[in-house]
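Listed next as structure tokens is one chain, alone, in the form predicted on its own.
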């Protein structure tokens, strides 16, 4: 039996059901501390909320001394709900509405990152309307090539040849306060990429300095790849010399100190998540082809597999480790495809996985799903998204996100179409929540339990009659239903 922090997975599933995300708190904290130790006190660290925005995870991030890099006003609000101060939040994305800018300016967040010349103009116009000063960072595409890595096809940032114009746009606005530069490198696998980027940005800061423009902040982004399956993780400890390397560059050009920032996200959270699913069927599709269907899916549970196109491992696809959680010691006797539970042919989560002979009810664990899975998951086929459990080092578990409710899933349509009322939805919800095991046990119920059950049934029947009358009156009143 697979154990997570000493707790057998069958006990976790019995309590919380499947599919289920299990987040390991000790893994999250150890990686946060690893980044803090590597970079030391001279570099600021901001967790990239887009990777996993669960409030309990944000609370842990705050306790470990990180700030937040937010990609939307929604993420800013989550940061505030997790007790971050506004000055600990940065808004970084490609587009902000006037309402977004008003909210960020009103809250007094640390800075807003401008991604294009048009974005700078939009921020300047909105700040003038609001008569509110806005601190901005300008995201730069350094058009850099280092080995096989390149930023030249990157959709983020202003190409470096236009940065002089971008700075002038920001500085001529009386309500925009230029603070510094931002860099988005994507997945960076080698430390030399960051050193090359640092050299470009130090020269850029020197140009600003010579024009009398003070640069106070430099954000070199995230992009530290975490390992999925047999992939290689970014060697974060090799960045230990980066603070001193950067300081030597600054001293060489005679520049004053800046606030240097990195934004790890996936590297913090990815490997801390384990997905638990139940086998619902196994199918032999030929002499060498086997399928195992589970109660999770690549839409509602592990969407990264859908983004990757469910490519076979032999063709360069993403390889998640899939473990037979209730048969860990059984011999792996054949290769299978893991298929999800939705009505879609793309719903395949893993190919070529060596597993033992599994049966309906067995639990499988899919590893390394802490990053992006929860925030990308959707309600395709009108299926509820999974619950999330946080497990502490002593084995204590706490629910940090419950499963969806149908009322939440339907609300955007019900609110505007008025096709059904809350009482009608509640009727269906109550019927769906019937405990089937309890029905079978009714024959052995005590007299008191039978009376209590009878009272509950009568109350439900009364509610149904009242609902029927209400619906009849409603149809007679508007003649449309």
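Keep in mind the model is a prediction, meaning the values are calculated, not measured. Residue numbers count along the first chain shown, from 1.
A second form of this protein, the form predicted together with a small molecule, is not displayed here; the remarks below concern that form.
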Legend entry - Answer range among 228-236, 339-347, 394-402, 176-184 for contact with the small molecule, defined in the predicted bound form as heavy atoms within 4.5 Å: 176-184
Inset, instruction - Decide whether residue 92 counts as a contact residue for the small molecule in the predicted bound form under a heavy atom distance cut-off of 4.5 Å. - result: yes
Inset, instruction - Would you check, heavy atoms only and a 4.5 Å threshold, whether residue 157 touches the small molecule in the predicted bound form? - result: no
Legend entry - residue 266 within 4.5 Å of the small molecule in the predicted bound form, heavy atoms: yes
Inset, instruction - Check whether residue 246 has any heavy atom within 4.5 Å of a heavy atom of the small molecule in the predicted bound form, and answer yes or no. - result: no
Legend entry - Residue (of 372, 84, 299, 242) lying close to the small molecule in the predicted bound form, criterion heavy atoms within 4.5 Å: 372
Legend entry - Heavy atom within 4.5 Å of the small molecule in the predicted bound form - residue from 324, 223, 142, 303: 223
